[in-house]
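Shown next as structure tokens: one chain only, the form predicted on its own.
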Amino acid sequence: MTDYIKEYGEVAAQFALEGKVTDICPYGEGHINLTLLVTTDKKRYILQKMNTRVFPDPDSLMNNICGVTEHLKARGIETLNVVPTKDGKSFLKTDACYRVYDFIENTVTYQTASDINVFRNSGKAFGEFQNYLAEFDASKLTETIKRFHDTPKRFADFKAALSADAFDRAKDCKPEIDFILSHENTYGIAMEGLKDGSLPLRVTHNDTKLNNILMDDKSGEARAVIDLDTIMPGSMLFDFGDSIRFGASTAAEDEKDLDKVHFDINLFKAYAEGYCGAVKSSITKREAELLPYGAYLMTIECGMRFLSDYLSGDTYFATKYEGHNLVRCRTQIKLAGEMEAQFAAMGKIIDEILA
């Protein structure tokens, strides 16, 4: 018997699993929840110990996930299947919180886009996910992380960190500070649109990384979007923008040599072809106009979050060396500046795809 069966066997036994548990072992590369692969003599499951420090309201979180996955399943879409506890609950609450999903067999994930077609397919997958949920009432969802993409609020947090300058670091990053301060009038467009109704409130995934898509291991086509903990009400701009922020860069998020960091408009085009092709029937004119802005907004928001954390002593993002968050901030500012310069070209690409 493995140590994991000894430690988590009793937890697994509280869920309505098929068969007898034969093995429990670590699985995947996630950093938020503890993820384990549970094998029985009938099938396989994913068991997760939920991180209630990051997500302090597991009831609302699981209500979000169950609502969205039931909506998808009712439309015949493959998605995560929540396995209930033996008393019919969506998760187990003891001294910690646990949940179980069916393991989706014959799939693979990619950590990076090995070729442009993989990135295009990821755009299609997240676009289809958005389109399938276009009729879901996003107001029924709870914000599991309050004001997550409220960029004006993030900017206010940045200004507070700058004003405090608790670690006397502002002197080391004046160009970055000046860039963020000088763009203040660009930060409120998405939130204002959601408030006045010119942007529809939608179900947003909020963690649109490539490795959150399960691809079929034979066809290479997307099977299911996973990691639904950050499912929340928001704008389409958030999901599209964050995918571009991370996926259309020519370098790593913490590349020190800024000469290597560029916004690749060909990668933008590939992702947009997949995403916009999928949402063509549900996207509004105003959303389409603002997709390039969404890429810029998510990038500059991330940059100001990195810089705020640097000024505050690196208390939120894990760092590997002194100045790591400043390095990250600089890559995001470089990308945001290049995106801003190419708004017209990006908009033309979107228009041609949606024509």
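Keep in mind the model is a prediction, meaning the values are calculated, not measured. So that there is no doubt, residue numbering starts at 1 and follows the sequence shown. Heads up, when I say rigid core I mean the largest set of C-alphas that superpose within 1.5 Å between the two forms.
The form predicted together with a small molecule exists for this protein as well; it is not shown, and the discussion that follows is about that form.
*Asks:* Please determine whether L214 contacts the small molecule in the predicted complex, using a 4.5 Å cut-off between heavy atoms.
*Replies:* Result yes; L214 sits at the interface with the small molecule in the predicted complex.
*Asks:* Counting only non-hydrogen atoms and a 4.5 angstroms cut-off, does L326 reach the small molecule in the predicted complex?
*Replies:* Result no; L326 lies far from the small molecule in the predicted complex.
*Asks:* Should N64 be classed as touching the small molecule in the predicted complex when contacts are defined as heavy atoms within 4.5 Å?
*Replies:* It does not: once the small molecule is placed as it appears in the predicted complex, N64 has no heavy atom within 4.5 Å of it.
*Asks:* Within a 4.5 Å heavy atom cut-off, is A288 in contact with the small molecule in the predicted complex?
*Replies:* The answer is no: A288 has no heavy atom within 4.5 Å of the small molecule.
*Asks:* Would you kindly say which of I116, I104, C97, A134 lies with a heavy atom within 4.5 Å of the small molecule in the predicted complex?
*Replies:* Answer to the contact question: I104.
*Asks:* If contact means any heavy atom within 4.5 Å, which of 160-168, 205-213, 118-126, 256-264 contacts the small molecule in the predicted complex?
*Replies:* Of the stretches listed, the one contacting the partner is 205-213.
*Asks:* Comparing between the shown form and the other one on the rigid core: C-alpha of N81 shifted by 2 Å or more?
*Replies:* Where the cores coincide, N81 still shows a C-alpha shift between the shown form and the other one that is 2 Å or more.
*Asks:* Classify Y45 as shifted (yes) or not shifted (no) between the shown form and the other one, where shifted means its C-alpha moves by 2 Å or more with the rigid core superposed.
*Replies:* Yes; Y45 is a residue whose C-alpha shifts (by 2 Å or more) between the shown form and the other one when the cores are overlaid.
*Asks:* Take the rigid core as the frame of reference and indicate whether the C-alpha of R223 shifts by 2 Å or more between the shown form and the other one.
*Replies:* Yes, the C-alpha moves 2 Å or more.
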